[in-house]
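Next up: a single chain in structure tokens, the form predicted on its own.
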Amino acid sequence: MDARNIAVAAVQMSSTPEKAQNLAVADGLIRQAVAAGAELVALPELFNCHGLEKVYRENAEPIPGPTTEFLGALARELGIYLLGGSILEGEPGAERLRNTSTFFDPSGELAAVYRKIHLFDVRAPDREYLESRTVAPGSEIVTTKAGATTLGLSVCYDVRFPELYRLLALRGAEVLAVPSAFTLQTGKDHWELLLRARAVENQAFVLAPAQWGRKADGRWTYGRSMIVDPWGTVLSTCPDRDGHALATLDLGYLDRFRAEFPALANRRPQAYDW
């Protein structure tokens, strides 16, 4: 690996309420991505259990716990950085859970934990969604080192709140992770648009693994996992199936781009009266 290059993969899967099955699928997809050259692999939102509110409560787990142990062991075995998309954190049967993203270094150590700040409480074209019925919001903005780069953590609906990503960029993030389970109705019009916007305005790469397909609760998720560069160019995307998007991030290019087009440095925070 070049000191300022890193190969990344955004894994796409269609998780079910069956946790053991989902972990087996994730294991295979991570190994495929690593075999293709990935050094940093990212899983989608709720990759270990997805689709039914009752099942969410039954399958919630603490951190550390069984799923994070699985992720840490895999990161250590394969010698990779591994973003565990998100899982529902909490004791089984708890009234309020956390939608939590975890990040592991190649030694298998849990290097960062991020709890989703913005909850998906909306009336979409197909149905009403109330994430806050089962999930409590987080409050901490999280960045972490991934080799020579800095990763900014977020989850799904967070992508609609540019303030979060600007703060991640100001804290050094060069790669913005957006593990998601976007609905089909919103995803077909907004998914790529929002990811490219977050990349351009923060002069950062975006790594966005996603759920795809029909879920146990009857709704459809959009998929189209993708990797975007700081110019807003989509470097790689995944078709409508299990798999991964793969790209090598040229961080030297990012350094030059930020120096030659210093939008972040040209900010005038003294004029921003909140």
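Numbering starts at 1 and runs along the sequence shown. Predicted, not measured: the structure shown is a model, and the values here were computed from it.
One more form of this protein should be noted, the form predicted in complex with a further copy of the same chain, which is absent from this view; the next part is about it.
Participant: Which residue among Glu77, Glu109, Glu163, Glu91 has a heavy atom within 4.5 angstroms of a further copy of the same chain in the model of the complex?
Facilitator: Exactly one listed residue reaches within 4.5 Å, namely Glu163.
Participant: Using heavy atoms only and a 4.5 Å cut-off, decide whether all three of Gln21, Leu23 and Val55 touch a further copy of the same chain in the model of the complex.
Facilitator: No, the candidate spot makes no contact with a further copy of the same chain.
Participant: Under a 4.5 Å heavy atom criterion, is Pro137 part of the interface with a further copy of the same chain in the model of the complex?
Facilitator: Pro137 belongs to the contact set for a further copy of the same chain.
Participant: Contact between Asp121 and a further copy of the same chain in the model of the complex at 4.5 Å, heavy atoms?
Facilitator: Yes.
Participant: Indicate whether a further copy of the same chain has at least one heavy atom within 4.5 Å of a heavy atom of Pro262 in the model of the complex.
Facilitator: Judged by the heavy-atom cut-off of 4.5 Å, Pro262 is in contact with a further copy of the same chain in the model of the complex.
Participant: Consider Leu194 of the chain shown here, and say whether it contacts a further copy of the same chain in the model of the complex, taking contact as heavy atoms within 4.5 Å.
Facilitator: Although a further copy of the same chain is absent here, Leu194 would touch it in the model of the complex, with heavy atoms inside 4.5 Å.
Participant: Since the chain is shown here on its own, which stretch among 173-181, 154-162, 99-107, 77-85 would lie within 4.5 Å of a further copy of the same chain in the model of the complex, judged by heavy atoms?
Facilitator: Checking each option against the 4.5 Å cut-off leaves 154-162.
Participant: If you look in the model of the complex, which residues in 235-274 sit within 4.5 Å of a further copy of the same chain (heavy atoms)?
Facilitator: Heavy-atom contacts within 4.5 Å come from Glu260, Phe261, Pro262, Ala263, Asn266, Arg267, Arg268, Ala271, Tyr272, Asp273, Trp274.
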